[in-house]
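Consider the single chain below, provided in structure tokens and representing the form predicted alone.
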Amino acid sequence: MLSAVVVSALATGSFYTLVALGFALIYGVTRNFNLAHGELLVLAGYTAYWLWKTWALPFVFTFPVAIVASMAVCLALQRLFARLSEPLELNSIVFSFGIAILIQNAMRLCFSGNYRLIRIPTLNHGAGFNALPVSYGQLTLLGLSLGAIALLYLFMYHTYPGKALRATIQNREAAALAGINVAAMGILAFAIGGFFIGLAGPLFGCIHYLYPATGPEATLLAVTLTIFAGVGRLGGIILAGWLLALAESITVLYIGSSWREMIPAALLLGLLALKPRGIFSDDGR
């Protein structure tokens, strides 16, 4: 039983990291606090569902369409966010809250309020390793998430644009003085964020019921993991995702599933009270 919980936590936590990386990268580079992040994720899930259900497109081919659509939407939003004045955090919260409501109502208009799920029976089949219970769905979550995270790591640490992104996250003014085009880095951050949203959306539609009002839950998850790791510490998000998923799994196992949604909120409040700069910060709190 415990081994199944750990396996589930690793797969789910890796997916949580995939959900949070786009939010963390966009906020780190541009300081735009995007409260519509969850709605964009759900919209990508609906895109995959529509292609799979209406056009009978194989599930694997929904990913490229969802990724391209999410990147296009994110780049359009970047143009709007770029017009905001200081303070960016506050203005972006107000602006993105309105965008979230707009997207929610658009999804309700297009897809109604019914619960929808991308059902891929193969993903529920087992693929045990030495009596360790693992499903193909869990392997898919783990493989795609870790693969995308590895690609982001290679990009951020072994390419010039990636190093420029890291410099912008650390200090925008110093990066600009060093000759980095900070505005271009903002566009790149939104594009990469859209890529991760488009990749996570179809997976979200497989493991979670899609309905227009489920976006805030995903946004809360992304905010919690970003604060847990600390702004600009993208490497810590994967550890945060695993720990959060493990806490949720243990809670469901010993207390009940009705308490699962409380874990991210409780963790967020605790972090804000004790370690507002992230668990890996050295702020002495």
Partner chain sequence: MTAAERPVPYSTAPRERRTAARGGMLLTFVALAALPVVSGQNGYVLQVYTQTLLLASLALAWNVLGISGAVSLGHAAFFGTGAYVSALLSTIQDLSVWITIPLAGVFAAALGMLAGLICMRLRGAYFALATLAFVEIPRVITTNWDNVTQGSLGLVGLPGLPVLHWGDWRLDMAASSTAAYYFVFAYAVMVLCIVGIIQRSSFGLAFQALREEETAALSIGIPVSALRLLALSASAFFAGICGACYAHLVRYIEPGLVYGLYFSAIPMVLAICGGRFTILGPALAALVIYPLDQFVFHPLLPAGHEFLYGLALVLTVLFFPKGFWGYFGRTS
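All of these numbers come straight from a predicted model, not from anything done at the bench. Numbering follows the first chain given and starts at 1.
Keep in mind the form predicted together with its partner chain is missing from the figure; the text below concerns it.
Of 93, 207, 187, 139, the one that lies within 4.5 Å of its partner chain in the model of the complex (heavy atoms): The residue in contact is 93.
Heavy atom of residue 27 within 4.5 Å of its partner chain in the model of the complex: Yes - in the model of the complex, heavy atoms of residue 27 and its partner chain come within 4.5 Å of each other.
Partner contact for residue 235 in the model of the complex: its partner chain, 4.5 angstroms, heavy atom: Looking in the model of the complex, residue contacts with its partner chain do not include residue 235, since no heavy atom lies within 4.5 Å.
Residue 105 within 4.5 Å of its partner chain in the model of the complex, heavy atoms: So residue 105 counts as contacting its partner chain.
Heavy atom of residue 61 within 4.5 Å of its partner chain in the model of the complex: Close contact is absent here: in the model of the complex, residue 61 is far from its partner chain, nothing within 4.5 Å, heavy atoms only.
Candidate stretches 114-122, 157-165, 199-207, 79-87 - the one whose heavy atoms come within 4.5 Å of its partner chain in the model of the complex: Careful reading of the contacts points to 79-87.
Sequence-ordered list of residues in 238-277 near its partner chain in the model of the complex, where near means a heavy atom within 4.5 Å: Result: 258, 259, 261, 262, 265, 268, 269, 272, 273, 274, 276.
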